[in-house]
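This text opens with one protein chain seen in two forms, each one given by itself as structure tokens under the names structure 1 and structure 2.
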Structure 1
Amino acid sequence: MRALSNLRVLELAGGVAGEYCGKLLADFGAEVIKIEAPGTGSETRRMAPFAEGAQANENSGLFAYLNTGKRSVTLDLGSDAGRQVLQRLLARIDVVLDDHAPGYLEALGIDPSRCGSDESGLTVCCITPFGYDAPPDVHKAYSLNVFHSSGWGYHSPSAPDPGTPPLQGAGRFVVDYESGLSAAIALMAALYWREDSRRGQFIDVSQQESLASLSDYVLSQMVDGAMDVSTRRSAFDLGGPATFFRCADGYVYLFISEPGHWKGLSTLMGDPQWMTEFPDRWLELHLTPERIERCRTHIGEWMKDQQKMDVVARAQKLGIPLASVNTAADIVESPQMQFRGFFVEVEHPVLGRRSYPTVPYRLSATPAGIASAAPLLGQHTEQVLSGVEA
């Protein structure tokens, strides 16, 4: 049973945020019809990673990941004829999903401000960098710009080296995945409400706010005056000795904040003499920069000869929240990921049989799943439009 199999989504989005949101719905069985420009298709078709030797426009692993389970329809929205087909198609659609700049939908004859004013039940969701009412001056903003407009950018990474600039986050698309998820949440709530009201509505999702919201624990304290605001790059950071340590074969991240962690760590390292020189409950009550430095130096000395997966397993059994710094390869090989089936194989006509990451939730009655590979450009044009043209 698929949870969203009754929903038909028209995906006009051409960016990672909108495509990811569409994928989250397709994973639960929504019929997602992706509108693409004839000849070129979505921009993500031309974004890395690429499969070597495969044909252009069908060789992107990014597109393949973001568009599983969807149908591709090519339609020239620059022409009157194309826009007329779009209008006819809309009559059969529950949700329009877009991530272009404000004004794009209006130019296609879809007016978000009229959403919910008729009996169609059409729900329109737009993901934009700063919200639908943002001034035109900020309509164009890439993920890096949004990340740095959210607070995370300026204050990241934690424990910054003052000699190097703030960073983009992890990979290229944290902003897009997070805001796509944020849109999917709002959309599901609106669709739940629609079940009784039979009314659609307009959902305006700001990427800047999606990211800023994720820092609510600090940001709400800051806006309320309970936590200092400042231009310190480390203003979001926590005190304490928690940090990364180099091992023989990689890195680990050690989090210690309470006496139980300290005791476990002592056992793990063979009760070294230096640990007895720290006062009781120092992690809670007696943190000083000198103690933190000293503790890190000693732990670093011991850790450098350890194997990361092995030391993590031993530490966890002693109640120490030690974590390995995993690479993509580590995660693929992780027995936990294999147990949960986080990666699944999908057959794609151009890319062949490949593994794909799935989603972080297991639903007992309506599990998510990848129904089909990402579509070739225009693969479903005839099938979808044949009923519409008539």
Structure 2
Amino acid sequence: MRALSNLRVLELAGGVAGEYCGKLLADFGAEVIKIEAPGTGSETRRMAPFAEGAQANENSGLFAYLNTGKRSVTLDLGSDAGRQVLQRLLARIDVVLDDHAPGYLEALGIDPSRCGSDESGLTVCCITPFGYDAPPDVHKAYSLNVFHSSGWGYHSPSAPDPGTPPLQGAGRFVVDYESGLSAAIALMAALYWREDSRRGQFIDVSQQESLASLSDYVLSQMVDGAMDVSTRRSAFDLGGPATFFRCADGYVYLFISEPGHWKGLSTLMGDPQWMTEFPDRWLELHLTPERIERCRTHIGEWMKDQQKMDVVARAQKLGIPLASVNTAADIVESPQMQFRGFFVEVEHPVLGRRSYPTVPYRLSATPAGIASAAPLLGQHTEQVLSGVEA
């Protein structure tokens, strides 16, 4: 038996965040019924990367990844008939998952404010850029807006040049994946609470708040008063020689901030003479721009001849926070990923047999797994609706 095999989810979401949340639930066994517009389907069906030669609406690699294990039902929610069918579907559902602007659910006859007012147990989870009660002028926002309003732009890139603009952040959908995961975790908590209360809840997931909660030391130090609240990007820089370094076959990122790191780095590099010229606790007590620049120059000269995977493995054994900057190929070919079975082969009726990432954690008794490929548009309409239509 899989962890969520008794959970029934109605997915109205059509964006990456909502679909990723639904995917996590489906991979752990939940029955996820995805409602899509006839003819066009989910927005992610039209988002790259695309498989060459495959038919439109079925050729998106992104959609294929985000929707494994789900069932697709096409339903015109703009019509009275479609909304009536939806209401009958809701009688069989535990969770509604949505990512539209406030007002969309109410127009469908779903009132989030009434969740928990009866013993239907229906839980509604809505993922929006700035929360369900945000002012109307920010209802429509993009991941880029959310990323920078959360404060993460100050970290991108690490050790930034204050004279250059922030980057949009690592990855294409970091905001969406993080908020989708936050939503899935919140849903699990709500469903656990429902076991005793028999009542549902409205889960309001703000993408901005989700990402801001992950901004490591910055928010906590601001709250504690240890760091000034400032619009200067340099105010958030911990200082030190942490940065990216070029290797013979790519890049690595080094972070050192204490004597143990410094000693390990010296051992890694063969105890070079130049390191003895720095004070013992310079990383903690005697940081200067000149020392940082000199340190980076020497490390860069040594690092350029190293193979990134080899130097990372040796550094980690010495307790040095050194990480490789991986390409997609590096991740697929990683011995660790292969040992953990992180990628699995899935057969899709249009895209063929492809390698898919699974989830980054494992439950021993009820592990996650990809039960089926992403559905074709409307593939399960007749099967699902045959039991609910009047």
Partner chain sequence: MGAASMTPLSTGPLHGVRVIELTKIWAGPYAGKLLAFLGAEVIRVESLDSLDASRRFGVKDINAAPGFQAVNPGKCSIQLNMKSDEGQRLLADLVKKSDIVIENLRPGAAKRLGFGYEQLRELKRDIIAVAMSMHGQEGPLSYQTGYAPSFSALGGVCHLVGLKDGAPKLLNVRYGDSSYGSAAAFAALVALYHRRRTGEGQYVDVSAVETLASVVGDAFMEYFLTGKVPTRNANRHSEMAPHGVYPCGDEDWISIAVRTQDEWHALCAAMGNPALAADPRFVDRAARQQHAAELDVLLEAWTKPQDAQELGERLRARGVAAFKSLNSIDLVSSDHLWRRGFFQHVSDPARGEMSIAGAPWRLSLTPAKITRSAPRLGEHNDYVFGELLGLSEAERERLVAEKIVY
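Small disclaimer: the values here were computed from a predicted structure and weren't measured. Residue numbering: structure 1 sequence, from 1. We call the rigid core whatever largest set of C-alpha positions still superposes within 1.5 Å between the two forms.
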> Between the two chains shown, which is the form predicted on its own?
Replying inline: 2
> Do you see a C-alpha shift of 2 Å or more at Ala141 between structure 1 and structure 2, with the core held fixed?
Replying inline: no
> If we fit on the core, is the Cα of Val174 displaced 2 Å or more between structure 1 and structure 2?
Replying inline: no
> Quick one: once the rigid core is lined up, does Arg314 have its C-alpha move by 2 Å or more between structure 1 and structure 2?
Replying inline: yes
